[in-house]
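Here we start with a single chain on its own, the form predicted on its own, put down as structure tokens.
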């Protein structure tokens, strides 16, 4: 009997629909290769959804997501001018993305910083720093901390405008993301870097206490503690020292973008947002409205998000590896995308759709 999976397809804004089309090409090939069936259910989400329906995360989209086995999401966000036309609470990040995370409690964010040796020339770091390639996993707590804490804005008795935002965690929230990170570290090189700011933040003091408690259950995993600002420096100077990194929400937001910089582009960084009952997968980059419709967007991170979904939601590990290998072969054959081309580079620049076609050709071969 053919196994069937329903995927909620949230194309998003800007370049989202373009790169999603390339992801669909890959899903179609996987169907042929593996015999599974993907039922793709499209639904509006983000800035365009607001202009079409009055809501950034419409009820019809919630229903599609509720009924799906997994969610594949494109980037969201509009230009500053267009964003200003939307009420603050309905702008894509506040009105769609954070509610999506909250609805499905997708507390564990996985962002692979992966640049094989044959792609190392894309990195802006010196060749000797990335010699042999980069391969580590950033694991970020995604539904707590400053982004989800209480927020207040007002005017003081003295007439000064003020804002107050709360960074809040309890030990259960911290423990569950640490268990995820330790489990991943145990399956890889058994080294876990714990990123924190305990010299200043009480939240990090509690975080580190829980790290020590959880570490007792993983005696085979070596824990290395690193202050977040030192970690930012270390990522630039010696990224190969890392294998698995774990951190709270805001630290992860910032450092994972730095990880994209190490690779040469956020276009090379897919991500998985995992919850207990449902997960969604998305590129780490933005919607790039300035290049939308030009056919030059790099679909690597969208297709990589498909690869992560195949493995993490559907258990199709061999098919996931095949997708990663196919993308490596495209670059290995001398092709590149516009965002990755360096001055003097003799590689052939291909379009968004051509990249997808080359990946599917490599898969079918």
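Just so you know, these numbers come straight off a predicted model, no measurement behind them. Numbering follows the first chain given and starts at 1.
The protein also exists as the form predicted together with a small molecule; that form is not presented, and the subsequent description refers to it.
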Can you say which of 155-163, 170-178, 289-297, 229-237 gets within 4.5 Å of the small molecule in the predicted complex, counting heavy atoms only? 289-297
Can you tell me if residue 285 lies within 4.5 angstroms of the small molecule in the predicted complex, counting non-hydrogen atoms only? yes
Exercise: residue 135 in contact with the small molecule in the predicted complex, heavy atom 4.5 Å: no
Given that the small molecule is not shown alongside this chain, does residue 301 nevertheless sit within 4.5 Å of it in the predicted complex, heavy atom to heavy atom? yes
Under a 4.5 Å heavy atom criterion, is residue 311 part of the interface with the small molecule in the predicted complex? no
Within 4.5 Å of the small molecule in the predicted complex, heavy atoms considered, which of 105, 90, 265, 208? 265
Only one of 77, 95, 144, 112 gets a heavy atom within 4.5 Å of the small molecule in the predicted complex. Which one? 77
